[in-house]
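Only one chain is shown below, in structure tokens, and it's the form predicted alone.
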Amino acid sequence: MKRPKAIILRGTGTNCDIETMTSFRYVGADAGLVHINELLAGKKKVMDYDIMAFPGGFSYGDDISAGRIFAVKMAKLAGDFARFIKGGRPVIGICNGFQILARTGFLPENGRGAQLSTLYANDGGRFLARWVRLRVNKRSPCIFTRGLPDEIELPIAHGEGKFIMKDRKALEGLLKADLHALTYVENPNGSMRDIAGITNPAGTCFGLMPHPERCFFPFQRPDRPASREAAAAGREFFRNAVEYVR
């Protein structure tokens, strides 16, 4: 069977691109790194791929605000990205990638392409880098979280991870539709309604602040289990996307 092609989009300052690419390769995807400028120059085309990932890092130094400059660059190719998502091809945005998806208006999904949410400076005003426990919303349509247990543990590393939606009615609509795929057990950054990750109604476009690529192997877990068969929750996010395409 043909290996699904995954595009790992990066920009200046992106620093989790290799880990994200490697994670997809381990679960059977033909994954490669592509700089956003290659798309803008027409050297690569979005629709030539089956899966898209926006990895974590500090694209363009988080100048202005996290993910903002990358989102501005993406605006020039908004039609291509919209077709990719509307076509049901899996998209995942991790940390900085989630910030990009929020600032481009792809998450939360809305017919206008308007930005309905943002990831703001953490409560406490400092960068957070630690492991957190997360609840998996079993009612969510998210394809990336299928088969995960009720609770998982993943690392976070962000200074602007506080999920905010100004429109309370839109927030309640998101919750009612179970589009909050992941929530914090103990909220580390002040996110509204403990939200750690959201999806679109189709379940194929997913943004989250925790880093699944940093919990791909059991030995990456803080308890470092001796068994090679011990669960590493992060692997499932990538495996689910590849299996969905297949």
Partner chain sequence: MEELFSRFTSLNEKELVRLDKAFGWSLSAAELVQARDYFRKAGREPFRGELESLAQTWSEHCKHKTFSGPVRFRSGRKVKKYRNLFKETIVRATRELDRSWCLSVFKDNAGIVEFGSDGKWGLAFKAETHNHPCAVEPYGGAETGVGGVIRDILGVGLGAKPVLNTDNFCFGRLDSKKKLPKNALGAERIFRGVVDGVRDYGNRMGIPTAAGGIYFDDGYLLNPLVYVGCAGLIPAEKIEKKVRPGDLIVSIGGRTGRDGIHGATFSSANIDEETSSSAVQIGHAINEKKVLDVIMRARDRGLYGALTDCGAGGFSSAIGELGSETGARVRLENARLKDTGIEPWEIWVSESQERMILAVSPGKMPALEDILNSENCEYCVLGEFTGDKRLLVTFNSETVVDLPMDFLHGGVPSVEKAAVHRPPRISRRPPASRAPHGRALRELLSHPNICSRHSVITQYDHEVQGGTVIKPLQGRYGDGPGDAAVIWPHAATGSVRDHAGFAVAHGFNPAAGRLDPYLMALYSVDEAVRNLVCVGAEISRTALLDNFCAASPAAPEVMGSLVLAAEGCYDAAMGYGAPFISGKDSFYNQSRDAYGKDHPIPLSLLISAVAPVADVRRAITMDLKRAGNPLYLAGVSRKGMGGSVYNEVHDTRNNYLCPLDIKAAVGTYGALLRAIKAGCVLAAHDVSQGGLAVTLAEMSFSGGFGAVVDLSSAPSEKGVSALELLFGESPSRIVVEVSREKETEFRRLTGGLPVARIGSVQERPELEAGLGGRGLLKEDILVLKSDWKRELL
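Numbering follows the first chain given and starts at 1. Keep in mind it's a predicted model, so treat the numbers as computed, not measured.
FYI, the form predicted together with the partner chain isn't displayed, but the following is about it.
With the partner chain left out of view, the stretch that reaches within 4.5 Å of it through heavy atoms in the predicted bound form is, among 47-55, 199-207, 181-189, 61-69, 61-69. 128 is the sole member of 128, 165, 85, 136 with a non-hydrogen atom lying within 4.5 angstroms of the partner chain in the predicted bound form.
Within 4.5 Å of any heavy atom of the partner chain in the predicted bound form lies no heavy atom of residue 171. Taking the partner from elsewhere, residue 35 is found to have a heavy atom lying within 4.5 Å of the partner chain in the predicted bound form. Within 4.5 Å of any heavy atom of the partner chain in the predicted bound form lies no heavy atom of residue 9.
The partner chain is not shown here, but in the predicted bound form it comes within 4.5 Å of a heavy atom of residue 157.
If you take 15-43 and check each residue for a heavy atom within 4.5 Å of the partner chain in the predicted bound form, you get 15, 16, 18, 19, 22, 26, 35, 37, in sequence order.
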